[in-house]
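Single chain ahead, written as C-alpha cells, the form predicted on its own.
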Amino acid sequence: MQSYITRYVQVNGAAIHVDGGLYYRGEASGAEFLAEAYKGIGLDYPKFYKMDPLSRLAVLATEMLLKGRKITQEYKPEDVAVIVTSAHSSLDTDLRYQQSVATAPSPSLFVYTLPNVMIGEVCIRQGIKGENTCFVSADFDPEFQAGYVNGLLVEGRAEVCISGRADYLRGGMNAFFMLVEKNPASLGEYNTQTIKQLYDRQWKN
C-alpha cells in the first residue's frame, strides 16, 4: 500500500507557504509574527493566545494544512494520527520557566514544558483522537518520518496522518507539515525522496 502527500505547509521567517506557493507574508518575526499571522489568516480560536510559541506554531501550521477540510468528518477522529519531530523540543518555554522560578514559578509556562503538549493543542483544536507522538531529533530525518508514518498506515493504526516538524527557539522558527493519505490524487508519494525535496524547497522560498 502506498501513501501520498495531499497538502503541505511551511512556516519560516515571516511567511506561510501552502503547497509551495506563498499564502501569507507578515512584517513581524518570532512570536509577534505568529500573532500577526493568526489575524492574517482569519483564525478564530481565543485559546491561541494562551499557548506557548511552539504550540502556536504547530496549531497555525495545522490550521493551514487542513483549511477547507473537515478531517474528523472525513475520517474517524481516532483514525487521524499526528507525528511530529522537533530539534529543541520545549526548550524555549523551559528557559522562560526557569527564569520565572527565581521570583514566582509560572503555572502557565510550566504546562508547556513538554513537547507533546504542542501535539495535544493541535488535537484539541482539530478534534483528533488518534495516535500522536513528538520525537526530538537534532536534524530532520525524512527516512525515519516516512518509515514510521507508513508503518502506521500499513498496520491500520491510522487512515490519515499529519506528519512533519515544528521547532521554535528564541524567535527562530520552522514548521513543515504534510497531510498524508491513501489518495493517489496528490502532490506525490510519501517517501524519503519526496519528503526531502519538499523540505529542502522551503529554504528557497
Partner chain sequence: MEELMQTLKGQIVEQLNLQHIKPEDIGDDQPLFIEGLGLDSIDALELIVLLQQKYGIKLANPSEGPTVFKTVRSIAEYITAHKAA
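For clarity, every value in this text was computed on a predicted model and none was experimentally measured. Positions refer to the first chain, counted from 1.
Below, we turn to the form predicted together with the partner chain, even though it does not appear here.
Contact annotation: the partner chain lies within 4.5 Å of heavy atoms from the stretch 46-54 in the predicted bound form, the single such stretch among 135-143, 149-157, 46-54, 176-184. Put simply, residue 116 is far from the partner chain in the predicted bound form: not one heavy atom of it is within 4.5 Å. Among heavy atoms of residue 127, none comes within 4.5 Å of the partner chain in the predicted bound form. Interface residue remark: residue 111 is counted as part of the site for the partner chain in the predicted bound form, having a heavy atom within 4.5 Å. The partner chain in the predicted bound form is not approached by residue 73, whose heavy atoms all lie more than 4.5 angstroms from it. The partner is not shown here, but in the predicted bound form the stretch 91-106 reaches within 4.5 angstroms of the partner chain through a heavy atom at 103, 104, 105, 106.
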